[in-house]
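There is one chain below, alone, in structure tokens, taken in the form predicted on its own.
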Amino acid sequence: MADELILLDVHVSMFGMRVRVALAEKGIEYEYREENLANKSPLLLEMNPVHKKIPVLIHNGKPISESLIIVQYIDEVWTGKSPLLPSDPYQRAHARFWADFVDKKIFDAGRRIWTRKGEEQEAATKELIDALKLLEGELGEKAYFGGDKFGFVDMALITFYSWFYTYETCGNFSVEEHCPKLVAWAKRCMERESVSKSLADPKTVYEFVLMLKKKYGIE
């Protein structure tokens, strides 16, 4: 019997994009269902009753939540093509460390750039740039974070590339000016069909953020 796969997601979510990239890398077919987070579907509430968040991958009726956990699950279940994590235990732990760093540092600082003003926004912008510089240092002269192959850390970070335009526009700065090698890496990743077809358009993300700012009275 063929696997039944359903992805509950939101198009502009950097977390959902990770799962889409992973599924594309593996060449796995699935049913995509766009969620409205202002009116969450009964299926989402049933499948992720703890956090009630996207993305959720439903595999033969069983839900898996949290993007990095889903990506690891995909890698463990579909082992035949494009390994996403290194086989060496130390390298695997190292990749998980940096993916966790992305979640802890990039998302929070980025969110504060578009939800805050003045000194708070300036502090968030500095925090984001400092975190991106650390990631650029980890990348070094490598093509990808894991070496010559696109992998787990690349997948964790590249989806934020869709949000760089929003961060830059709201915070009035340029990522490329501060981290040129990281932007070159992002452009390299975008040459992969799995990435380019899975990431939301930066202008669409910005329009979504403007809608949220208006809705919540953030000017």
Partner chain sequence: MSNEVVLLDFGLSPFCMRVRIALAEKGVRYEGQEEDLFGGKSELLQKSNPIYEKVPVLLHGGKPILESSNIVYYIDETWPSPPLLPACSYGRSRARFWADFIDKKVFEAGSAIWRSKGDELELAKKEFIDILKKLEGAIGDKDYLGGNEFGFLDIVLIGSSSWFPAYEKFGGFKIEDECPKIVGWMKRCKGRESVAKTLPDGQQVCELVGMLRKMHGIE
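For clarity, every value in this text was computed on a predicted model and none was experimentally measured. Numbering follows the first chain given and starts at 1.
Unshown form predicted in complex with the partner chain; subsequent notes refer to it.
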- [ ] Indicate whether A38 is a 4.5 Å heavy atom neighbour of the partner chain in the predicted bound form.
- [x] no
- in the predicted bound form, does S65 have a heavy atom within 4.5 Å of the partner chain? yes
Hey, in the predicted bound form, does L45 get a heavy atom within 4.5 angstroms of the partner chain?
-> no
Check: So, in the predicted bound form, is R111 in contact with the partner chain at a 4.5 angstroms heavy atom limit?
Finding: no
With the partner omitted here, the residue among G118, G140, G80, P89 that in the predicted bound form has a heavy atom within 4.5 Å of the partner chain is P89
Of the residues spanning 183 to 199, the ones with some heavy atom within 4.5 Å of the partner chain in the predicted bound form are none
